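Let's start with one chain on its own, the form predicted on its own, as structure tokens.
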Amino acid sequence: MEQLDILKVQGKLHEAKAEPWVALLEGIQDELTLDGHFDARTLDEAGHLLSAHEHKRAKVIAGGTDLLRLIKRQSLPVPPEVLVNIKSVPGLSGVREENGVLKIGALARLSDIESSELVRARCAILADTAARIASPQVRNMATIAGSICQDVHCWYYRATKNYFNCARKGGTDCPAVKGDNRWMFSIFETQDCDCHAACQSDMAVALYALGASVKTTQRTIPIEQFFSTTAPGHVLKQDEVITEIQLPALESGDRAKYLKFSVRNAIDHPLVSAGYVARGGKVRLALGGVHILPYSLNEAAELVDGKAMTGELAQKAGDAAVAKASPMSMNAWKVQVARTLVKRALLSTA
């Protein structure tokens, strides 16, 4: 203790072994180091650029609120060296309805979705979800496609200068197993993955509950098949670009609710979230923040399908939602929160 005080007085705290992060932070660069930044004029050109620069791990950039942070903090073992900007491609930010299907352009910003009269009239849960994501500044930059493509927010995975070579990066283990796993970690087991981080995308959980589809330059992917347990968390190919999100509009009598639990009401990613949609007598339920993917609650949904909602039934559904939970050493509290959010979501529209 005496030695540490001396180091503080001398202004050499970075030399104290008790503060390894100080030395790491000193090595962070304020500016990006890239070999190329291209403005694609068409989707075909974007795909070509991504393919041509695959050897330099080319990535799509639009809002950049997640990708730039990963690059600047040097969190990845081998960062992308080429970025392909698709904001320069026209026609990717509109919101329209065709034959009862809402079609939201990949570049529609979260603030656009939040304020869209069409979205509020035909799918209010999506506008409400967008309004609860991050801060106004982030919502004015972040896009709906980027929101569902964001990587996990595990503090080991995103540690400065690739401090932890975790299982998600090709390492041998997950530091969360023996480390601090209170917040952004799973309470459900994943058989084919050693990573215990949890999906904390608000938009992903809401779209999952809505039964959305992701249209790309090559195919249309049901939301259930879009997410992946391996980095970067989705099934997009190297030269594949999202063009729009499609989802059935809600009709009169349909019910939907999105709830989240976080340390702060604003800015924070959800530590636990729940999406609930009842359409045409069929119920879809999903949890976020509890599994590496948006976690589908099929058994809980089947329990309440076609039944009048009561407090007792909502409680049974909440119990069913977490029946298979296997929390880690420090995050058992998520079991109770997930159970409660499911119950509240079901009762909120009863």
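Quick caveat: nothing in here was measured; it's all calculated off a predicted structure. Heads up: residue numbers just count along the shown sequence, starting at 1.
This protein has a second form, the form predicted in complex with a small molecule, left out of what is shown; the following refers to that one.
Has each of Arg120, Ile125 and Leu259 got a heavy atom lying within 4.5 angstroms of the small molecule in the model of the complex? Negative, none of the three is within 4.5 Å.
Select from the listed residues Ile221, Ala159, Met141, Leu247 the one whose heavy atoms reach within 4.5 Å of the small molecule in the model of the complex. Among Ile221, Ala159, Met141, Leu247, a heavy atom within 4.5 Å of the small molecule in the model of the complex occurs only for Met141.
Would you kindly say which of Leu49, Leu293, Leu67, Val304 lies with a heavy atom within 4.5 Å of the small molecule in the model of the complex? Among Leu49, Leu293, Leu67, Val304, a heavy atom within 4.5 Å of the small molecule in the model of the complex occurs only for Leu67.
Interface stretch in the model of the complex with the small molecule - options 94-102, 273-281, 147-155, 112-120, non-hydrogen atom within 4.5 Å: Single hit among the candidates: 147-155.
Should Glu81 be classed as touching the small molecule in the model of the complex when contacts are defined as heavy atoms within 4.5 Å? Taking the distances in the model of the complex, the answer for Glu81 is no, it never comes within 4.5 Å of the small molecule.
Whether Gly63 contacts the small molecule in the model of the complex should be assessed with a 4.5 Å heavy atom distance threshold; does it? Output for Gly63 is yes: heavy atoms within 4.5 Å of the small molecule.
Could you confirm whether Ile267 comes within 4.5 Å of the small molecule in the model of the complex, counting heavy atoms only? Output for Ile267 is yes: heavy atoms within 4.5 Å of the small molecule.
Looking at the partner-bound form in the model of the complex, is Asp254 within 4.5 Å of the small molecule by any heavy atom? No, no contact at 4.5 Å.
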